[in-house]
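Just one chain is shown here, as structure tokens, and it is the form predicted alone.
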């Protein structure tokens, strides 16, 4: 507890939240125990009251989880169900962004109370919009000029060589990929430490580069004899240094450190639309299709990334033929089918959620009819063009739902948290400061 006592001597009138995108509880616990992340180790050593495993939203992806974090609500209230979605009564794909968020954010609420919030690199906040404070949008941000509020921040960030994200298009070039990771993190260090100096009541900073490393280099992270294991550990050490630096500047126990989902190794990618087609649930007008709009009228169900299953309902989709009376029957058939899905003698699907079991709110009509949670190692995909049902690609790591983490500087984690709980913890901390 001495670490927390030292922090409490420099009590600051603000709350800090540090996000480590995708870092699993099990991994950060291991790295804190083996000396790679000594600053995290000081926090984790205080026990379960301060450091706990956390559950996240379904599906277990950043766009949904961070939206649940920033609003304290489930997707049927905040309106974000995935990285992509279909426009109403059409097959037109769009990418939900900040303007599509339907629920009030933490900083919207605090702004009404004349409190200022700095939000840095949080996914789902592009394009930036005005609020009482500072915003630097995170993934998926396309143009840095549109990713900052106030606009005057653009020149300051440019001078720091700030990067919105790692260039994952070149992840196959490992020398380039690691250099880009370290350079991007170095730019975040400059931006986070510089913008900490600005007045605020709540400071939120997210490191998304951990997620990028884990998607492409999970094998290097897990395998201690892997030729790039040392480089991966060096990166986590630098992340830990940034965490330590931010906490030292903060000097208070009013902080939370968290991730938005967990990670594990991929055994195989699973292409749900190919499986649905091969088993009589889906038909294309042309195979392979050029887009989701080539669904044939005979289709009973289709998938969107990563694990969302939609009944091809009449009225909801232009060519849909499943009426309301038949919809439950189709869902029952899908549930029975996916419950029995196996690959090389292994169960593929761990759990099947109907929308009414996990979603509650005014936007539930936009929800998928069913969401699948896979067994570890089976990475579910909505790819529409795959000619095979299973394959291994350049990705080595996949998301998990039940292995995120939460560290609270003040303790009081009396139960296993859910990511939707965190916003209320933040509001209580800011209001009590």
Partner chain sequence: MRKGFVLWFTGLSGSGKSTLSKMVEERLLERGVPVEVLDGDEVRLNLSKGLGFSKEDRDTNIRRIGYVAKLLSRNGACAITAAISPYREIRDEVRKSVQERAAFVEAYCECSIEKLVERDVKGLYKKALAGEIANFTGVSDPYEPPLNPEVVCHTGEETSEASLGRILKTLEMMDLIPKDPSAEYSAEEEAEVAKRLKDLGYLG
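Numbering follows the first chain given and starts at 1. Here the structure is a predicted model, which is why all the values come from computation and not from measurement.
Just so it is clear, the following notes concern the form predicted in complex with its partner chain, a form of the same protein that is not shown.
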Query raised in the report: in the predicted bound form, do 277, 344 and 351 all put a heavy atom within 4.5 Å of its partner chain?
Result: no
Query raised in the report: If we take heavy atoms and a 4.5 Å cut-off, which stretch out of 180-188, 358-366, 227-235, 113-121 is in contact with its partner chain in the predicted bound form?
Result: 358-366
Query raised in the report: Here the chain is shown alone; which of 133, 127, 320, 72 has a heavy atom within 4.5 Å of its partner chain in the predicted bound form?
Result: 127
Report summary line: Residue within 4.5 Å of its partner chain in the predicted bound form by heavy atom, from 212, 335, 149, 300, is 212
Query raised in the report: Is there a heavy atom of residue 252 lying 4.5 Å or less from a heavy atom of its partner chain in the predicted bound form?
Result: no
Query raised in the report: Would residue 192 sit within 4.5 Å of its partner chain in the predicted bound form, counting heavy atoms only?
Result: no
**Report entry** Contact test in the predicted bound form: residue 310 vs its partner chain, heavy atoms, 4.5 Å
**Finding:** no
Query raised in the report: Should residue 94 be counted as a contact of its partner chain in the predicted bound form, where contact means heavy atoms within 4.5 Å?
Result: yes
Query - Residues of stretch 378-393 in contact with its partner chain in the predicted bound form (4.5 Å, non-hydrogen atom) - result: 381, 383, 384, 385
